[in-house]
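Next comes just one chain, in structure tokens: the form predicted alone.
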Amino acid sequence: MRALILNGEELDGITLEQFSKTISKELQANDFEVEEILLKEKEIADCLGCFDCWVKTPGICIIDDYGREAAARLINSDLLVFLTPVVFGSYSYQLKKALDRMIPLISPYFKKVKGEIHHKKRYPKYPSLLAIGIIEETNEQTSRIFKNLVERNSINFHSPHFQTEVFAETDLDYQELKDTVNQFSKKAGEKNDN
């Protein structure tokens, strides 16, 4: 099985290297082939919002940069990990601009999901989603906002399983991070009807 870590570490800010190594090691221990994309090192332009990826070049962004490659790698993974500093309850800029470029992976058509309108699937299989948010110090409101955002995004990503955890850098317990990744990777590894 394939796991893809989208590392949203910023140019300046919290360093996520140790988090990434811990996550990778736990995933590998659960038989995942792990790839990490350190987004700040990649040339990914901001989404133009033109929707050509839906109407002119279905499934492919018109911007020819690493965003296309990231989208292909994402849709071909079984488990997707968002690793990001939490910025105002949301993703880092690096992760957010990459996620905006994933719009080609969903259909422009809609369906009702639990009484809400959401995009239909473009592909038959989508990865499970584990989001790990890192904040400087514990903040329940920020954590709650981040968890809600990831839950909403998991619906549009058609993730068969999702989980979000927020860890404070000041009182981080790496064993708790290991346990989270270990338990979720087992769940994501189960056969699912995506």
Partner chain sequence: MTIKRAVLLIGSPKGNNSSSASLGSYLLSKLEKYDIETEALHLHSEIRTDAKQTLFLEKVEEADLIILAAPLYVDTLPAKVIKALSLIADQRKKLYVDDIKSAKNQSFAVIVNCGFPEAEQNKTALKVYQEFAREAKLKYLGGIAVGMGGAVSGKAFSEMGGMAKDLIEGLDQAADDIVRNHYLSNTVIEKTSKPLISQKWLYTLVGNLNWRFQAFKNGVYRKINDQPYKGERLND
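Positions refer to the first chain, counted from 1. None of these values were measured; they are calculated from a predicted model.
Note that the form predicted in complex with its partner chain isn't included here; everything after this is about it.
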{"item": "Triple contact flag Leu129, Thr170 and Leu172 to its partner chain in the predicted bound form, non-hydrogen atom at 4.5 angstroms", "value": "no"}
{"item": "Contact label in the predicted bound form: Leu38 to its partner chain, heavy atom within 4.5 Å", "value": "no"}
{"item": "4.5 Å heavy atom contact, Ala29 to its partner chain in the predicted bound form", "value": "no"}
{"item": "Partner contact for Leu149 in the predicted bound form: its partner chain, 4.5 angstroms, heavy atom", "value": "yes"}
{"item": "Partner proximity in the predicted bound form: Cys47 to its partner chain, non-hydrogen atom cutoff 4.5 Å", "value": "yes"}
{"item": "Its partner chain in the predicted bound form - contacting residues of 114-151, heavy atom within 4.5 Å", "value": "Gly115, Glu116, Ile117, His118, His119, Arg122, Tyr123, Pro124, Asn139, Gln141, Thr142, Ile145, Asn148, Leu149"}
